[in-house]
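Form predicted on its own, single chain, as structure tokens, below.
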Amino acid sequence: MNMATDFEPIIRLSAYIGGGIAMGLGAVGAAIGEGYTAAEANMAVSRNPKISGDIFKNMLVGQAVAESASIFALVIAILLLFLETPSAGELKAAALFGAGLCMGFGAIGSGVGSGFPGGNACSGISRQPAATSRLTTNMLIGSAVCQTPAIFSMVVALMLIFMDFGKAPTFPTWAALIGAGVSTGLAAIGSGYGGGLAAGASCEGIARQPESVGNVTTIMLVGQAVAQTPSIFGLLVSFVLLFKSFPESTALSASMALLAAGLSTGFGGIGPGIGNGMAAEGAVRWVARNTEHAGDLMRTMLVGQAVSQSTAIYAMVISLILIFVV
């Protein structure tokens, strides 16, 4: 019996569990985001029934974008369930399980976040029918940015599925592979949700003052860009865990250090992502009411986001210490 056959049951078990986690968690965020969009659409139709057709179309478009995160999860789940790994070693089991965790967690924030611009655009159309095209365009831009963390998660999941780890030592590499999955997956939650807060406020602001669309969109994109950085930190730590060679060590502490590195940046990115989104949400909402002070609002937003971001940096520093020093 060859090596691949020896570990085949464990590999398939990990793949099946990973696929279930990927799709199970991946369904959570998109469903919530789509439900929020539908709820706001119903409220908008009640407010202005004469344009129910436009509201309905915008609702479907917004829901389609929010659905993207769960489609990413579906792709990863199908790969995990049906992809053949004939030459895989025992590390492939950890990699496939990590891929499922990465995509499952990574789809939550993007799915929920994309629902905010969709719902607020529907509400805005009911108040400003003449600004429908502006609101739809802004919704699509904001929602697309919200999907970035889910895309990061899918990239890491695909790397875990298709990379060859056959020459790496089992201990502690197995922990590095799972740590890589949770680092990007968990960090994506906050960035996806926070980006949605900024995008939702932009639709609300344009509905309040359509002429402010330029300032509102600019501040939205800047705020969303900063809100994405915790997920970028998670992606960076994942790359280090995936590509760094670790000396063989059967000591439990070595494996736990690498797993903890992924958990540190992963969990450490959730709060800063949401906090940065809250700061952007406030700036975007109020610039529509006070466009002449857009510069002051952006400056305040960026300083506030920088302070909120510091905790994600602390988490990444600890992760790097766990990888390179401990």
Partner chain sequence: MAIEGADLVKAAAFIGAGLSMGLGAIGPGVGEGMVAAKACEAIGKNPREAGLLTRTMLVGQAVSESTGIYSLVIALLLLFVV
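Only a predicted model underlies this, so the values are computations on that prediction, with no experimental measurement involved. Residue numbers count along the first chain shown, from 1.
One more form of this protein should be noted, the form predicted in complex with its partner chain, which is absent from this view; the next part is about it.
The partner is absent here, but in the model of the complex a heavy atom of 259, alone among 259, 59, 65, 45, sits within 4.5 Å of its partner chain. Of the candidate stretches 66-74, 275-283, 50-58, 32-40, only 275-283 has residues with heavy atoms within 4.5 Å of its partner chain in the model of the complex. In the model of the complex, its partner chain sits beyond 4.5 Å of every heavy atom of residue 83. By the criterion of a heavy atom within 4.5 Å, residue 304 is counted among the residues contacting its partner chain in the model of the complex. Not displayed here, its partner chain is kept clear of residue 288 by more than 4.5 Å at the level of heavy atoms in the model of the complex. In the model of the complex, its partner chain sits within 4.5 Å of a heavy atom belonging to residue 268.
Contact here is defined as any heavy atom lying within 4.5 Å of its partner chain in the model of the complex, and by that definition each of 263, 300 and 308 is a contact residue. Looking at 305-326, the residues that come within 4.5 Å of its partner chain in the model of the complex, counting any heavy atom, are 307, 308, 310, 311, 314, 315, 318, 321, 322, 325, 326.
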